[in-house]
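In structure tokens, one chain follows: the form predicted alone.
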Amino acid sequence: MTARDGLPSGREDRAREYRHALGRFPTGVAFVAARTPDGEAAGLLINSFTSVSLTPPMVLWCLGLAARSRPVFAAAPSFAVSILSEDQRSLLGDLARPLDRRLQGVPIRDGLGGAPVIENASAVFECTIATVTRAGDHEVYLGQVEHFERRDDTPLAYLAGQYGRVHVAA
């Protein structure tokens, strides 16, 4: 591979630079979770969340094929997305723990299909799974929003590998 646009030419360097370029797009911080019919729950922090349609209300998010939580999402009929508020920054360490301890001590409630919902999240979207499509090294989950709620607080933001605050100019 040759260098282009001043970027390193090695495959690993190119992937790292690509990831850094994507990091220039600010996102919110979301936690997506699901529960299987057998009661097994899993969840993970994501920034690959977006709205797809207003009518019907639909959202999507992406899950890496190598994710340890993938079997839970594959067996679950629904999922919940909790958009974290700035006041919930202290939960980030808990939500990044190993999968078997990730939800311990985190204030949650059961959402649609028993999917864990983080209490006092800035917004919550409870969804049935409409489709799952493989795209490269990820699966794209498209969900039909069955219930949503929001709070008037400041959502937590993520940009260039750092968490911060959203400031809206008047």
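Just so you know, these numbers come straight off a predicted model, no measurement behind them. Residue numbers run from 1 along the displayed sequence.
Only in words, not in the display: the form predicted together with a small molecule, which the text now covers.
The partner is absent here, but in the predicted bound form a heavy atom of C62, alone among L103, C62, M58, I129, sits within 4.5 Å of the small molecule.
Of the residues L112, V145, A121, L44, just one reaches the small molecule in the predicted bound form with a heavy atom at 4.5 Å or closer; this is L44. For T36, no non-hydrogen atom is located within 4.5 Å of the small molecule in the predicted bound form, even though that partner is not displayed.
Though the partner is left out of this view, V140 does not reach within 4.5 Å of the small molecule in the predicted bound form, counting heavy atoms only.
Residue contact check for A74: none of its heavy atoms lie within 4.5 Å of the small molecule in the predicted bound form. Using a 4.5 Å cutoff between non-hydrogen atoms, R68 counts as a contact of the small molecule in the predicted bound form.
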